[in-house]
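Only one chain is given next, in structure tokens, and it is the form predicted alone.
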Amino acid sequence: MKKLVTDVVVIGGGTTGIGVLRDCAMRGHRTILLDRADLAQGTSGRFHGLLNSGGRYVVSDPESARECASENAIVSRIQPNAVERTGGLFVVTPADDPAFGDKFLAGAALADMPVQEIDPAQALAREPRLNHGIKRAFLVEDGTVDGWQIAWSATASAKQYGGQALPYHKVTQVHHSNGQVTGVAATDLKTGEEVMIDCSFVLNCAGPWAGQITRMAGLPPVAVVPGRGIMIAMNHRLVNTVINRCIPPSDGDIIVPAHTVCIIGTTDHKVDDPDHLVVPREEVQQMFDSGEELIPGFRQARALHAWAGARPLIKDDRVAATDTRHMSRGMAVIDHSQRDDLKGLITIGGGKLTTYRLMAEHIVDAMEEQLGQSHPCRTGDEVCPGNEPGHNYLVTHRLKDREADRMTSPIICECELMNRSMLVDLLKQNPLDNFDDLRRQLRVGMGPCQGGFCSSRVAGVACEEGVIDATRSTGLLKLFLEHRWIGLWPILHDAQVRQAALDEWILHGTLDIGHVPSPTSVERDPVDDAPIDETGPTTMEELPPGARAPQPATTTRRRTRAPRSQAANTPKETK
């Protein structure tokens, strides 16, 4: 057993937990962060990529809007490489009430949120694909943000101040004695080694899983209500500005340009278990229908990938327990010394990725108040490592880089312009990583082919460089393709069927991927392996006859290949 000693243990490696790690370390506390999976692999890696101006909440939740408006500017300043300053538009479509625009303007003024009403013709000049029947348009300071980039640069900052991040470490118990936290037990999922960490404080930043952590301390679960939402990535940027419907928050009311694609989202439904999220076919249809309201012809674009995430909402007694759409998006700090007579444990929930830094500030302030200490928070003042002040992300950045090194390092992933040297450098730095870990950092397999062309190249390069042997590499390849497939099945129709069929011919007809050894349990990922989608057949070969037309299949399977009666999630075919 490995034994460690620290002051604070942060549980949860999403953006909030990483922000807490950074804040604690910058205030001089010895701090270790634990997460059962990779950093930002849960909710922080499963959202639509919006850096919120506050506009979505100016009417329904003014305090959250005010926080978003303020933190939008701070995050853009301290982590510019992760933020694209696209700007945003709130538009009133022909199906919407123009009078809501007046409430929107009034709410923006109360929340100190910058907004400008522009003529619909100006909005159409900026985004020609917009519904030409829009009645009103409002310009806001929305942007897009890469949750993984946020996490890595904040982690790098924390490490400069002595903080440690330990991904793939699953917490098994929170120890306490005489009403005081004394330590945390965990398991290193990569090696199987047991780890015991002595500490005097635990900050529970586990998001939708926060209740599981309080149970590990022998306490009643905190009232976190997971709110499931689905999102769909389309195969190119239909817009270059964040587009919102100017209505009360609703399903499918936003399209976000993110990297080389655009993402439509989202739904909002209460779930009992954040590890079991589904992508129902009726919600896929809803996203396509909503997309048509904003961008006529939306259905004619190719859907690339569908996924679900869980919001860590705090139970709001003002609305029904199942009404996650109308629960507050504000943050809540729960001090267990007051609630449960246990000192040294504080939980935080709610909030938005945009407000992750502010959430960290609030929970660390609460910890220091319990400790009788007071150190200033400096996280909003210091630019994180790897970020050049004033230089925000541009979608063309990799094209510029590849023009400079195209003669020395061949392209491995054409969709995302990832070259061999980028892959080899990361493989050598992290030889225990699986291919999904590499994907989160390099975006390999996240473009239109969804790994159909590039994933086998990654496996080959890993073997050729001697970082991974052939058996492990082929096993990781198979696992990577399984994970890509679960996001394809819910939107398998029209052009995406042809792409999936081509990938099937390559991977099964040429590589015989179905018969390579499966990866070991150590290689399998606790989050990516969870049944987060309403998945269908494991491969195209298992599609029932006629499904390629496409028609709804009659039998689907879980990723564990257990029989299942759920009909396939096949969107309506565009006529």
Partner chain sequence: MFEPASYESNLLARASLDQCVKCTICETQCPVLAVTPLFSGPKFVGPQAERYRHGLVVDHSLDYCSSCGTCTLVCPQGVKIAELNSVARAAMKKGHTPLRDQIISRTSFMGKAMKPVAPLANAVLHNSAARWAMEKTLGIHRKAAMPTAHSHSFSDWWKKHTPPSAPTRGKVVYFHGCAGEFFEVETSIMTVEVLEHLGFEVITPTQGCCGLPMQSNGLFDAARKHVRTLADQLGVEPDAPIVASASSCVTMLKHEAHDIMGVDDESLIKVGSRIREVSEFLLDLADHDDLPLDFSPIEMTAPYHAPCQLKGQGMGRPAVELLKLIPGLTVVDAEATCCGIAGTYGVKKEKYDIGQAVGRPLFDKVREINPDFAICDTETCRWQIATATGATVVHPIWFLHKAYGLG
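Positions refer to the first chain, counted from 1. Computed from a predicted structure; not experimentally measured.
Absent from the display: the form predicted together with its partner chain. The rest refers to it.
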Task: Of Leu476, Val261, Cys384, Val222, the one that lies within 4.5 Å of its partner chain in the predicted bound form (heavy atoms) - done: Val261
Open item on the list: Under a 4.5 angstroms heavy atom criterion, identify the one residue in Arg237, His175, Lys103, Arg215 near its partner chain in the predicted bound form.
Closed with: Arg237
Task: Partner contact for Pro128 in the predicted bound form: its partner chain, 4.5 angstroms, heavy atom - done: yes
Task: 4.5 angstroms heavy atom contact with its partner chain in the predicted bound form for Ser374 - done: no
- [ ] Could you confirm whether Pro448 comes within 4.5 Å of its partner chain in the predicted bound form, counting heavy atoms only?
- [x] yes
TODO: Evaluate Ile411 for contact with its partner chain in the predicted bound form, applying a 4.5 angstroms cut-off between non-hydrogen atoms, and reply yes or no.
DONE: yes
Open item on the list: Heavy atoms within 4.5 Å of its partner chain in the predicted bound form: which stretch in 74-82, 402-410, 150-158, 264-272 meets that?
Closed with: 402-410
Task: Full three-residue contact with its partner chain in the predicted bound form, heavy atom 4.5 Å, for Ala301, Arg398 and Leu417 - done: yes
- [ ] Could you run down 273-298 and flag each residue that has a heavy atom within 4.5 Å of its partner chain in the predicted bound form?
- [x] none
